[in-house]
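The data below hold one chain only, encoded as C-alpha cells and taken in the form predicted on its own.
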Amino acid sequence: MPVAPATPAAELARLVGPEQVIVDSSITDSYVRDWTGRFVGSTPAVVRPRATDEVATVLAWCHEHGVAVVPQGGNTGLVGGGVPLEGEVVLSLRGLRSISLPEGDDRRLLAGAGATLADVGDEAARRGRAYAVDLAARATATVGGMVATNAGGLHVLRWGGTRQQLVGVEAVLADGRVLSTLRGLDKDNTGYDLPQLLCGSEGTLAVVTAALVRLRPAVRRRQVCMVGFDSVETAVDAALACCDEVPSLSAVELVLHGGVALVMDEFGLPAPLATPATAYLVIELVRTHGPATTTLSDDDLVAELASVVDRSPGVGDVAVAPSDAAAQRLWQYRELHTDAINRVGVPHKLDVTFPAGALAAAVEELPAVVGAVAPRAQVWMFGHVGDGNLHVNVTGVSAGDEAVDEAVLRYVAERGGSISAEHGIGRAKARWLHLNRSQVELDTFAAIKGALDPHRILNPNVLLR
C-alpha cells in the first residue's frame, strides 16, 4: 500500500485549485454528519470537483498515495455510507449538475452526478416526459447517490427502482481512468453490464460522475386517495389486492395511527380522515395516455380502486383528493414521517423488506422485538407496502447502541427478508451482511472490489468493511 503524504489537502488544492478544497471545519461539518445525525466523522478535506477530469485527477492522486475517499452526493443517506467515519477525504459530487438530452432522443436524459432528483424531474417535464423514480428527499437526493444506492422510492411497484431506469454511466475508476458506457442502446449484449454492476455498489467500485437514464411518458391524469383500515392485516391485504387488480396503480404506501398522529402534532396538520384508523393506505393512480386534466376527480380511476376497496374487510373512512393541492396534502401524511421522527430523536433507521405474507405480522411483532432489548425505545413504522419495504425507525436508543439493530435485522433475516431495502448497507449494517449473503457471495464481492480498487481507497469502510 502506498504511503499517504502528510498534507493531502495541500496536494489536492494544488491539483484542482484551492477554491475547490475545503478544510474549514465550520463548512466541512455538514459533510461529515449524516442526515439522521447518528453517524458523525471527520475529514482532512472536502474536495468539490467541477468536472469529470477533476474527479479523475483527485482519484489518481489518492490511488497513488493510498488516501481513502468517501464519494458524497446530497448526503441524504441513512446508513452512514456517505460520511467519512474513519477520517477519509470527502469527494463531493454536487458540482457536477449538468443535464442534457441525447440528440434526437427524448426518451433518455444524461444527468451529472450532482443533479438532484428534482432537477431531473423538472427537465423531463419540460420535455413532456417524466422520470420514474421519486422519493421525499427529491430536492436534495442526487443522481450519483441514487445510482450508488439503487434508490427505489414511491413508484417501484410500477416502474422499478434506479437500476431499471439506468441505461449507461460515466464513472471514474479508483486509479483515475474514466469508464464511459453512454451509447444508450436498449439491447447491447457485448459482455458484462457495467452500469448494473456499479448501481448499488455504494461508491466502493468507482465514482459515478454521470448517468444516462430512461424517461417515461408523462402522467396525464392522477388520482390520490387515503383509506383507513381497522388493522394492519386488512390494510396489507387490500394493498396486495390493489397491486394485482388495479392497472392504474402507481403507489401504495402504508402508514400507521401513531405515525400519522406524530406528523399531525409536529406539523400542525388536521386529521386526514373523519374517523381515526389503525392503519392507512395512501394510494396513487395514474394514466399516461388520453387527454390531460386539471382536476383529479376521474371517475374511471376511482372505479378501478373502488372495485377492490369495496370488497376489502376492515375499511373505514376514505378521502379522495379533488385537486392537485388536495393530493399534495394527503401525501404529506406519508412524506413527513421521516422529518417528524427526526424531531423526536436521533433514529436508528432500519429499512428492510419482507415477503408479502410476512409483512403484516412483522408490523405487529417488531415493537415487542425492539422492546425486549430496549424497553424505553419507541418504534415508528411506515413504508412501500406494495413491494414489501418497511421502514423501521427506532428512537430513544443511543446512536452507538446496536442491540436494536441486531434484534431487528436478525428477525428480518429469519423471516426470509432483506436487511436493506433502500439506502444500501453502508456502515450501519455491514456487520450483518452475512445474514443475507452467503460466504461465496461475499468472496465474490471481495474479488470484484480487489480487481477494481486494489488499494481499497473507495469508501473502504462500508459494505465490505
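Numbers for residues come from their place in the sequence shown, where the first is 1. As the structure is a prediction and not an experimental result, all values here were calculated from the model.
Below: the form predicted in complex with a small molecule, not depicted.
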Per contact check vs the small molecule in the predicted complex (non-hydrogen atom within 4.5 angstroms), the hit among 404 to 412, 51 to 59, 23 to 31, 422 to 430 is 422 to 430
Can any non-hydrogen atom of residue 78 be found within 4.5 angstroms of the small molecule in the predicted complex? yes
Check: Do residue 150 and the small molecule come within 4.5 Å of each other in the predicted complex, heavy atoms counted?
Finding: no
Practice prompt. Spell out, yes or no, whether the shortest heavy atom distance between residue 334 and the small molecule in the predicted complex is within 4.5 Å.
Written response: yes
- Query: Wondering, does residue 280 line up within 4.5 Å of the small molecule in the predicted complex on heavy atoms?
  - Reply: no
Item checked: Heavy atom of each of 94, 97 and 142 within 4.5 Å of the small molecule in the predicted complex -> no
The one option of 204, 338, 223, 162 with any heavy atom within 4.5 Å of the small molecule in the predicted complex is 338
